[in-house]
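A lone chain, given as structure tokens: the form predicted on its own.
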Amino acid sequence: MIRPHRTHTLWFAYILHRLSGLSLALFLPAHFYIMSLALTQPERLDGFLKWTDLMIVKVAEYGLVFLLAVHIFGGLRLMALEWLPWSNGQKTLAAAAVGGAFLISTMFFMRAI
């Protein structure tokens, strides 16, 4: 049984915002651990930084920047829902937020390669 509200554009914006937040929350402990290597084991950090030159890592960074941009724009969308009167254009704003996130992450990726 398909629930009608789950086919709405803003439902997908909600899901994308939740998944991006969860992904970022899972990434942060690993990021903090890698950054701690600069203080505790600099030689291991140097080895890790060489590994980050691989294309697969750059693609993963692209995904990470996309998730971060989506999450930021999704948060702005939620604040607009809370503080501004409802309008039919909010679906367009949600789509524009995803498009903006894609643009930002693509620009980052192009600079990385």
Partner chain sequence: MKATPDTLTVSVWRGAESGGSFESFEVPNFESQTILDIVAWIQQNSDPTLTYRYACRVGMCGSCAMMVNGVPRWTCRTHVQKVVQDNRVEIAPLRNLPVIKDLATDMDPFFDKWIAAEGLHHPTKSRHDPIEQINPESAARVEAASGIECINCSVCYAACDTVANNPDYLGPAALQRAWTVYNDSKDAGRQQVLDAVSGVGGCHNCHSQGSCAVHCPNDLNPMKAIAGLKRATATSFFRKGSRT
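All values reported here derive from a predicted model rather than from experimental measurement. Numbering follows the first chain given and starts at 1. In this text, rigid core is short for the largest set of C-alphas that superpose within 1.5 Å between two forms.
This protein has a second form, the form predicted in complex with the partner chain, left out of what is shown; the following refers to that one.
Interface membership of L93, defined by any non-hydrogen atom within 4.5 Å of the partner chain in the model of the complex, is ruled out. The partner chain is not drawn, but in the model of the complex it has no heavy atom within 4.5 Å of M55.
Interface residue remark: L84 is counted as part of the site for the partner chain in the model of the complex, having a heavy atom within 4.5 Å. Within 4.5 Å of some heavy atom of the partner chain in the model of the complex lies at least one heavy atom of L10. In sequence order, Y14, R18 are the residues of 12-28 having a heavy atom within 4.5 Å of the partner chain in the model of the complex; the partner itself is omitted from this view. The rigid-core alignment places the CA of L26 less than 2 Å apart between this form and the one not shown. Core-superposed comparison between this form and the one not shown: the Cα of L84 travels 2 Å or more.
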